[in-house]
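Just the one chain here, the form predicted on its own, laid out as structure tokens.
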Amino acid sequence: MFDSLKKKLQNIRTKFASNIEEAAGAEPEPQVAELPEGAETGEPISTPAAQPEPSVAEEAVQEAREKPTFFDKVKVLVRDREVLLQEKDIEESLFELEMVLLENDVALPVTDEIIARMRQDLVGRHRKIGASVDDLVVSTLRSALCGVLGEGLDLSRYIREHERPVKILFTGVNGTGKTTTVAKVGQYLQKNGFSVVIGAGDTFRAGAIEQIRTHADRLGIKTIQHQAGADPSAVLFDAVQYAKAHDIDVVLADTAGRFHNRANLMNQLEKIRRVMKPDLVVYVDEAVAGNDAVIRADEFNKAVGTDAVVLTKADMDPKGGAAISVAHTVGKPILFLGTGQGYDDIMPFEPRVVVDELLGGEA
């Protein structure tokens, strides 16, 4: 997952580390040599004829070994040296990082934010260059990426902390895997100990009711449905009432796919929100859609509001730009990544885990 971006970020690590080492004027650590006593202070060195008795010589050698030599002191300076990084020291690396992010579908405003965070963290500050310059680069990159991704959203924790039933409404455009995502989330919640009912609110698309019912039957989840063409608001109202009557923890509401510029369908979605009063509105799109997914998520958020995002087909996306961009652009967390066709192929989105994956391995 996101293999192209991962590989290029690791190459950028090497570039940054090289430039910082160059700015620090790093040199190979000199070998420690045995020096006679007095060499580091400039005192005359005794000639062989002036050597003390053997017993006294042994004491002198031991004392010399215990004192830090000139080269020991050089080693400490090299190990603990500091460098004041300037813009010119990392300008080329920042530009290359910017190109890598843009080429991997990271939205321009998000790219700008990452570059700005890197620049602020590195330029004009005294940085101690320890044993691994790479550690400095990775920690700075990690901080910048986590900064734009935010904290994420733990759905299980959210459900435990809110009044039941928790009502989750799924929205999105046609053909992005929304109905299958509803089934996957249902399976995930059951495995985490929650009871679930699904409302078949896509009464517009031919075969949609049968599709969600087939998924639900396989998973042992109750489906609330009306006939095709029925008012989806009525279906989802009934699903909520069923959940209340049967002490169900979570209502998952499927809806018809729609584009933000279709006024009649967006008005219908607004009516669903008024009737159902969802706790979470989750926008579903494909990770492989890249910047299109980011733009659509932002437009849906402006039109009807969004509380979280699910990106499907993340396993087919070598770039990862949508995953990095959506949360920052919409200002809402990514909830899950879809990683395959099976019901278990859904991964809670944990920003730090994803960033560690992108920056992991050898540079």
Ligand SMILES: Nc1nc2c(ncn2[C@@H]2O[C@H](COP(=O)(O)OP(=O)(O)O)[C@@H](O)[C@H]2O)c(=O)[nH]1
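One rule holds for the numbers: they count along the sequence shown, beginning at 1. Everything quoted here is computed from the prediction, not taken from an experiment.
One more form of this protein should be noted, the form predicted together with the named molecule, which is absent from this view; the next part is about it.
In the predicted bound form, is there a heavy atom of the named molecule that lies within 4.5 Å of any heavy atom of S156, even though the partner is absent here?
Heavy-atom contact with the named molecule at 4.5 Å: absent for S156.
Give a yes/no on whether T339 approaches the named molecule to within 4.5 Å in the predicted bound form, heavy atoms considered.
T339 belongs to the contact set for the named molecule.
Can you work out whether G147 and the named molecule are in contact in the predicted bound form, taking contact to mean some heavy atom pair no more than 4.5 Å apart?
Answer no; every heavy atom of G147 is more than 4.5 Å from the named molecule in the predicted bound form.
Would K184 count as a contact of the named molecule in the predicted bound form, using a 4.5 angstroms cut-off between non-hydrogen atoms?
Close contact exists here: in the predicted bound form, K184 approaches the named molecule to within 4.5 Å, heavy atoms only.
If the cut-off is 4.5 angstroms on heavy atoms, which of these, T176, Q225, N104, S93, is the one near the named molecule in the predicted bound form?
Checked against the cut-off, the match is T176.
From the list Q211, S195, N291, Q268, which entry has a heavy atom within 4.5 Å of the named molecule in the predicted bound form?
By the 4.5 Å criterion, the partner-contacting residue is Q211.
Of these, 84-92, 237-245, 176-184, 273-281, which stretch puts a heavy atom within 4.5 angstroms of the named molecule in the predicted bound form?
Residues of 176-184 come within 4.5 Å of the partner.
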